Every structure is written in C-alpha cells, then in structure tokens.
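First, one chain by itself: the form predicted alone, in structure tokens.
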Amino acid sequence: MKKSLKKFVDAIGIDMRLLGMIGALIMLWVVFDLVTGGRFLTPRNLFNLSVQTASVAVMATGMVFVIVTRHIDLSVGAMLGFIAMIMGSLQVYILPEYLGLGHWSIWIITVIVGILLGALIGAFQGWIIGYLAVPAFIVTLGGLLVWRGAAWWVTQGATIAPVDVTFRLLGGGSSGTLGDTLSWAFGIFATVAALIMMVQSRRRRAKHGFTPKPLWAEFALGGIATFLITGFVMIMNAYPLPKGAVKRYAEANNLEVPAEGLFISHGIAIPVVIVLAIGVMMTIIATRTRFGRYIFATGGNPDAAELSGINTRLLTVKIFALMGALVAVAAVIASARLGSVGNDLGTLDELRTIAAVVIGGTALSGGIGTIHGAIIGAVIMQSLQSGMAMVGVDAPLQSIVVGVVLVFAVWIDIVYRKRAGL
C-alpha cells in the first residue's frame, strides 16, 4: 500500500513536502472543527478565513524571492501601515478636494499611487542592500522603525475613515465578492486554464526530450485540480449574504423578498481573486522568465551567479521593488477590508509573512522556494490563529503556539532536506 502510494505520487509529480503541508492543513482543520463543535469547517468561517489570509499571502509571494536570494525583509508590516496611511489620506482628505466626494477615479488613483510608492520604498531599501552592501537584516529592521513612525506622523496617530466605497470592495465583505454566477465563471476559467497549462507542460517536456508523465497521471492531476476548484467555488457559494445585505440587494434590483427569505450567495471574495492572480503571475515569473532564473541562481550560489554575468546588485533592487509593490497590494486589501486605516495596521505582519514562507518550504539558506508553498503556508498560519481564537485561546498563548510552530517547521524542513540530500 505504501509503495503504491509513493508510486502514484511520483508519477503525478507532486512534491512530498507539498503533500505534507496539505496533510497538516487538513489535520488542523479537522481538529479545530471537532473542538469547536463543527463551527470551523463551515462556509462562513472558510470564507472569512480566505479573506483574512489574503494580505499576508500576497506579501508571502514576494518574500519568497527575498529569502531565496538569502535576504530578509523585516519592514513589510510597518511599510504596509505607512502605505495604507498615505492611501487613506489620499482618498479621504486630498482627492475629494480636487475631484469631488465619491468620484469614480478616486480608488484607481489611490491604488496606483500606493503601488508606485511601495515599489519606490522597496527599491530604495534594495539599493542600500545591493549597492551600499548593508545587510538586509539591518536595513529592513531600520525600515520597520522608520515606516512605523512615519505612519504615525501622516495623521498624528489618528484613524482615517471611512475609505472610498468602491475601494472598500477590494477588501471583500458582503459587497466585495463575485457572487454566484461570476464565481462559477471564474471557477470554469481557472479549471480550463489549469488544464491548458498541464497540456503545454507535457508538450514542452516532450519537445526538450524529457519523458512525459503517464497519461493516467495527467488525467489524475487534472481531476484533482478540477475537484479542488469546483469544491472551493461550491463552498464559497454556500455562504449566504446576511439579511440586511439581502434586503439592500433586493431593493436595488426591485426584488420581492419572500417570507422564508432570499438566498443570495457571497461567492468568491475579491481579495481571494487578487491572491490567485498574483500567485499565478509570481509563479510564471519564478519558473518561466530570465528574472526568475536569475533569482534562484543567485540564491543557490551568489558568487557563481555574479561570475556568470548576473548583475546581483541590480537584481536585489528589483526584488525589493517587487516586494514593496506587493506590500502596497496587501495594504489595499487590509485597509479596504477594515474600511479604515489605524496606526496599528500591519503590526507583526512581517513575522506572519516570514513564518508563512518558511512553513511553505522556502529555505532560509537560499536557492529553494515555491510560490504555492508560501500561499499554503499563509493559509496554515491563519487557520492556526483563527482556530485558536474560536476555541478561546488567549492572545499571548496564541503567540507562543505560533512561535513554537515556526521553530518546529524550520526543524522539519532541515531534517527533510538532509534526508533528501538538498
């Protein structure tokens, strides 16, 4: 039985460490569901879990590149808070003065400015690391203090609220979702895209002389992907809008609400769509572009990469600029979800992001890491925190548990790589 399972896993080409992470996540969900009396594995909680994971998951995809190149970024949480403060001030105090309150372009300008600001901050930190040779730990530790203090100075510590109505949709909630029909359309699109990518991968392997997977393994992998995507859409569509939101929806669309109520699905939240889109984009960059190959080559052996002609200093600037842009996207999601920007937004997110990446299999020694692993790691981290909160575990004890899990995950990773000869 064990040999047959190993043969099946090897044939479909799934990494055993990835299977271990998925197994740990499932076990975590089952345990919390049993402890909470069936409240954890409900459409409502899984919807909230997906939205709560989004901002950290976005940053985790960028942190993979940072850690793969043997750097670290401790400033992402503080940077998120600072960028969110700037975006909040822009859409609440500045743009309405020139464009008028509620103007359609406010949210677009806000997002663009935020991403450009994030990329600029990231590039500046990357320049200090790459060209001035100051260790990333020191630069980003200083950034943690600088950007947290700068966030306070933007509004003297005052909370900014409310953010633009359209901007708020990017954070999820009852309005920031795709709804039933669009969720199914998105699911079908994602399934077709996954199957096309599998076909293209098979053709590339054959073209370059590599032995392709057996056809049965390709069909099995396609079936698993279809099952997971379809199941996710079904769960998200099983979570109905609250009565107040249903009433507003019915009034806006001239619908009559029957006595037994009206079932309208939330569907997939917009932040989840953003995470999936960024995950695909970052995976393509990591596996299909010269930039991605340079990143992993530099992480594997920085000296050899430089001798081969890679401009590792400029590469560092680009990686941190990309990290800054992704922090800005995370700031959009986090502030839009809350509908306001407080001075404590993003606190400890740097640790959650690094923990998600490490749990997801990225080696702190550099050269090894995956985008999908980081996203799964973010889900594991949020599941752990959400489950403990539902059980009633005090916040200090939650921090202790998360810290222990992080150290344990690194130890497991070290043992796995020694046995695998990596």
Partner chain sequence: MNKQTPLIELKNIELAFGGVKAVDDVSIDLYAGEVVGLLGHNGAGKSTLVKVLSGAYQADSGEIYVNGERAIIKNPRDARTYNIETIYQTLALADNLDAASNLFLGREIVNKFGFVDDDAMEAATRKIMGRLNPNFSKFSSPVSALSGGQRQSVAITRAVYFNAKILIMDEPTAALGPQETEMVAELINQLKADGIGIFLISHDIHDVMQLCDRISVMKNGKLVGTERVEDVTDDEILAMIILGKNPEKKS
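As the structure is a computational prediction, the values presented were derived from the model and not from experiment. Residue numbers count along the first chain shown, from 1.
Not pictured, yet referred to below: the form predicted together with the partner chain.
Q: Quick check on this chain: which one of Val199, Ala185, Val165, Leu307 has a heavy atom within 4.5 Å of the partner chain in the predicted complex?
A: None of the other options qualify; the answer is Leu307.
Q: Name the residue from Gly339, Pro240, Gly173, Gly300 that puts a heavy atom within 4.5 Å of the partner chain in the predicted complex.
A: Spelling it out, the residue with a heavy atom inside the cut-off is Gly300.
Q: Do Phe137 and the partner chain share at least one heavy atom pair within 4.5 Å in the predicted complex?
A: Although the partner chain is absent here, Phe137 would stay clear of it in the predicted complex, with no heavy atoms inside 4.5 Å.
Q: Using a 4.5 angstroms cut-off on non-hydrogen atoms, would Pro43 count as touching the partner chain in the predicted complex?
A: Contact check for Pro43: no, nothing within 4.5 Å of the partner chain in the predicted complex.
Q: Ile284 versus the partner chain, in the predicted complex: is there a non-hydrogen atom within 4.5 Å?
A: Ile284: yes, in contact with the partner chain in the predicted complex.
Q: Tyr294 near the partner chain in the predicted complex, any heavy atom under 4.5 Å?
A: Tyr294: contacts the partner chain in the predicted complex.
Q: Among 109-117, 265-273, 151-159, 307-315, mark the stretch whose residues have heavy atoms within 4.5 Å of the partner chain in the predicted complex.
A: Contact criterion met by 307-315 only.
Q: Output the sequence-ordered list of residues from 206-244 with at least one heavy atom within 4.5 Å of the partner chain in the predicted complex.
A: Read in sequence order, the residues that approach the partner chain (within 4.5 Å, in the predicted complex) are His208, Phe210.
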